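In the block that follows, a single chain appears as structure tokens, in the form predicted on its own.
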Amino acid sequence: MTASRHFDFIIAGAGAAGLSLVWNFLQREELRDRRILLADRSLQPLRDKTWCFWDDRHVPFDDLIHHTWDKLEVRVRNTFFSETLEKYRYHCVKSDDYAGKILELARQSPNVTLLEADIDGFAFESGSAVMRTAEGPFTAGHIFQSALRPPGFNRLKLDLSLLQHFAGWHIRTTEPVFDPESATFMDFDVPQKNGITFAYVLPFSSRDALVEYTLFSPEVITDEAYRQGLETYIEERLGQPPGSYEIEYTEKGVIPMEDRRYPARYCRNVWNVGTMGGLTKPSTGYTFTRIQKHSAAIADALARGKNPPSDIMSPYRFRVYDMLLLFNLHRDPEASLTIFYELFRKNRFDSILQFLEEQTRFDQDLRIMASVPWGPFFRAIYHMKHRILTGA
């Protein structure tokens, strides 16, 4: 392998995980002379995703935060909950802003090489990790990949699997409609025909907002069904019939919500990151903050001359909580809506977000769990006891 095809680190995949790794590597003085290859089919920033989160301690650049909300709203069981956050703020980042800034930083860094190519697979050969691409093989001491499912993926233990799938429209209305200080976190008061369904609204000004139509179900729905869901919600909830707004851009996505335990490695010296590393929280689909923490931990370990962390799973008790809620989301949607109703009725929003961020103590967990109906969780414990007793 020629020197031009061998690197210290290869990052395969330029999504949130790959770009976050690039940024973290470039921030560590100990890693600034390491040769890095960033590869993906395309390295052109696309406005196709909006990442939301409420813990901004690990965000690479403050100016990448597109908008911040101090107030959140929830609707469930024909009840409206609204609260101004105290501990947290709710943020969003646009994927094209994120990719554009970090890719520009990478282009300006003499130790980073960019490669646009299809990624075909990975291996460990002759003491190096190998990435096979349409442009031929490339080697490195470590490869971090978010492009391909690891070998044996379909054989990994799996009891519960849902998809969080959604379509969103960034709309601009002719008249002021929105409160840019308040975001609709979840609105479950919509028809529940195809699984648990909710909308959320992220206002950026009084006249423009991102409106998302989201479902938890085993299968995705048709484009026409997404369109009807969005049009109906915008007209009935926001009072904006077709013709009173323009669609600035659209986005669409599918996020796995499952109890599969993803392996840390694809093979020797090839590490799974992002969704392929199991960083998506099974019960909510939130991934962005977990990616930031994992990327920082990888860079810190390499800067100290250590291997990347191999144990990236949530603590055991949070894996159990996720599994129990996922069971109810999958098997008992009606009970799940009641769980959400009681959760937001009896708890402060900050407490709920802290719990979802896995930053609570066990006594705080117990208070959260005691606030929701126990019956659905006892049923979930009974059905999932084989997983709970073997490490979740």
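Remember, predicted model here, so these are calculated numbers, not experimental data. Don't overthink the numbering: it's just position in the shown sequence, from 1.
If you look for the form predicted in complex with a small molecule, you will not find it shown, but the lines that follow are about it.
Of the candidate stretches 43-51, 66-74, 325-333, 29-37, only 43-51 has residues with heavy atoms within 4.5 Å of the small molecule in the predicted complex. Among the residues 22, 380, 14, 10, the one placing a heavy atom within 4.5 Å of the small molecule in the predicted complex is 14. When you look in the predicted complex, the only residue of 137, 309, 253, 239 with a non-hydrogen atom within 4.5 Å of the small molecule is 253.
Contact check for residue 285: a heavy atom falls within 4.5 Å of the small molecule in the predicted complex. The shortest heavy atom separation between residue 217 and the small molecule in the predicted complex exceeds 4.5 Å. Among heavy atoms of residue 118, some come within 4.5 Å of the small molecule in the predicted complex. In the predicted complex, the small molecule lies within 4.5 Å of some heavy atom of residue 148.
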